[in-house]
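Only one chain is included here, represented as structure tokens and corresponding to the form predicted alone.
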């Protein structure tokens, strides 16, 4: 795919998805699996609709804010991972969450599957509470803390992965006529913490290593609804094995305040097991790339927490 064609395709959802599917259908049987992933995400967006928007999957770098109390948050994302001299691997995943208070948010789920080498396996389940320590919009950053545990379903059932981290976020250049405190021209996020792995065998053994990530979301000249995303990170927190160098770039389109689409490309070098979009895809040495499409929607007043 040329750079010119790539630019044309990412300027709108139809231009992102349709040409890619036509090429996949003509040239590669794997196109059928891509169309299946896209169809599942599209149907979910049509059946349910989604107030604020935050840095969520497939954007790896988390931010220092939570959804409003009582909202149901659903994050769906799927993609294809490619590496040199390897067959593509496919993954699809869904996360759900809500805020119990205006500061405490609970994310759970991870329901999904991965398909590689003619084998389909379930995704690891995720449970993550996040608490906003300080809320601010402007030059003073917001701060939150999060911790998570992943129940092993996709691999070795004796290996339990986890992570804990601090989020620092700057939400800059809010328009004067905007009533939405999250309507910023530029958001910058920094994460710092650790990834852990507990081996239940051999008497139990803990392993920890540093985790960090930094990313941004900036408005494009095309419209306020279309944003550019970029980030670098020390591996995905969902994957203990994945390490630096890793990056991700792409576009986010706010269809409505409660509904957004993401289209991103991730690159990870020498990631080993778990270099896909959340754990489980086995990749080889050198650079491995993942193309992802994400759909996030919010439904108001589902839970009596407001």
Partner chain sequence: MKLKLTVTGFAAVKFLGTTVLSLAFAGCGLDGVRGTVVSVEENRYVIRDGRGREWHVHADERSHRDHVQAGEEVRVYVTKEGYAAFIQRLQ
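Quick caveat, the model's predicted, so the values are computed rather than measured. Residue numbers count along the first chain shown, from 1.
Here the subject shifts to the form predicted together with its partner chain, a form of this protein not shown in this document.
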Checked 127, 182, 113, 216 for heavy atoms within 4.5 Å of its partner chain in the predicted complex; positive is 182
Just to be sure I understand the contacts: of 224, 157, 84, 209, which is the one whose heavy atoms reach within 4.5 angstroms of its partner chain in the predicted complex?
209
Select, from the options 104-112, 160-168, 85-93, 227-235, the stretch whose residues sit within 4.5 angstroms of its partner chain in the predicted complex by heavy atom distance.
160-168
Give a yes or no for residue 194: in the predicted complex, does one of its heavy atoms lie within 4.5 Å of a heavy atom belonging to its partner chain?
yes
is_contact(residue 175, its partner chain) in the predicted complex, heavy atom dist at most 4.5 Å
yes
Given that its partner chain is not shown alongside this chain, does residue 145 nevertheless sit within 4.5 Å of it in the predicted complex, heavy atom to heavy atom?
yes
Within a 4.5 Å heavy atom cut-off, is residue 131 in contact with its partner chain in the predicted complex?
yes
Neighbours of its partner chain in the predicted complex among 235-254 [non-hydrogen atom within 4.5 angstroms]:
none
